[in-house]
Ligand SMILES: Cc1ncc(COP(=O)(O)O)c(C=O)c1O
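One chain follows as structure tokens, the form predicted alone.
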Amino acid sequence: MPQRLTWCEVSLGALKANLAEFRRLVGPSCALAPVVKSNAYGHGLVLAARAFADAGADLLCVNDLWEASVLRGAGLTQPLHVLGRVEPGQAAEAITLDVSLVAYDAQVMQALDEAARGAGRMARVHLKLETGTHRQGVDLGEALLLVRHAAGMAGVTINAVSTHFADVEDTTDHTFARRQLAAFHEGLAMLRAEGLPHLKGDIANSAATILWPEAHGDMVRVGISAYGMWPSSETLVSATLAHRDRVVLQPALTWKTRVAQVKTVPAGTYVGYGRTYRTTHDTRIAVLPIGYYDGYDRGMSNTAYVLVRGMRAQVRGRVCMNMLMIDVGDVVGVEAGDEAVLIGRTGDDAVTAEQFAGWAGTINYEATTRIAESVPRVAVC
């Protein structure tokens, strides 16, 4: 395979340390389910899944059956749970892949029952209960009807009920999230009373896992923080106020490229498309072979910084599809072939995913997830 000009280094040690930290938080009796959907939040689906499996994850959460098939094809036998939509026509594939899945309509349940009975197996279902986010899921009345409907199915077992917080990581005022938690516990109790006394419950994402032991339930779905990032600054503030800020998270991803060219641009001349930057003095410019195709947001034109030889170099001009330019006038000795760090640490400085996201006007989730899958993920210690 040809050597790529940009790549991500993903620390296996950091991924495993983060999972160990969450095991410490939730204890041995709560199922720990790191979320590896969307290319493991940009960290590499198979790479991250193997690291979490090796570190003792009880199951792995994916978004769809395609991700599940990739992991099965890579040899992972770890229990898999599908968080996103599964169509009735995919029921047989779900059974073959041996996944548990979220369901919230009778047609899917019926298709799963037929496929499971035909294969001599059992479909494992988590009902999705609506508590205030209004994405996928059903209200309590519909959930009760689904439980009664499934009671006559020999191929389906409802073994859990889940929901999702709307804003637990977005604010330090958790009034709404507390109402969701109460509604979930009420709904879980009523569903258990429908002949499912051993029905399990899972509601906690990264923020709730960190902040609220009472939300851990039977399983936690840890997403962004499994990769060493706080869900938000508000979550960090809330953790500090609750004396739960001693959680140690280790960012796992470093995104790198190499300097392609260094040139001196005369004073008073323009850099890049649209002539959005004009030099005020003779300026040393380095060209990097990376752009918005690779996931480096065009909105960071003339705003972001890149680390070269341990020093910050500002992006000059517009980010192009496949390249961008940085000012290396204050960086001594830069030459073609030098590493440039887009996200991560080098020397005494770091560009965090949070800083990167701030320059792009988004969140750390999107900053790492949008790094193109064509960019290789390389496992490092």
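From 1 onward, residues are counted along the sequence shown. It should be emphasised that the depicted structure is a prediction, and the values quoted were computed from it without experimental measurement.
One more form of this protein exists, namely the form predicted in complex with the ligand; it is left out here, but the text below deals with it.
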Exercise. Of the options Val35, Val351, Cys320, Leu47, which one has a non-hydrogen atom that comes within 4.5 Å of the ligand in the predicted bound form?
Worked result: Val35
For this session: Would you mind picking the one in His216, Arg221, Arg124, Lys256 that has a heavy atom within 4.5 Å of the ligand in the predicted bound form?
Result: Arg221
For this session: Determine whether any heavy atom of Phe52 comes within 4.5 Å of a heavy atom of the ligand in the predicted bound form, and answer yes or no.
Result: no
Problem set entry | Non-hydrogen atom contact Arg275 with the ligand in the predicted bound form at 4.5 angstroms | no
Exercise. Is Asn205 one of the residues lying within 4.5 Å of the ligand in the predicted bound form, judged by heavy atom distances?
Worked result: yes
Problem set entry | Non-hydrogen atom contact Arg135 with the ligand in the predicted bound form at 4.5 angstroms | yes
Exercise. Going by heavy atoms within 4.5 Å, which of 164-172, 114-122, 140-148, 262-270 lines up against the ligand in the predicted bound form?
Worked result: 164-172
Problem set entry | Non-hydrogen atom within 4.5 Å of the ligand in the predicted bound form for each of Trp7, Phe356 and Ala367 | no
For this session: For the stretch 56-85, return the residues whose heavy atoms include at least one within 4.5 Å of the ligand in the predicted bound form, in the order they occur.
Result: Leu83
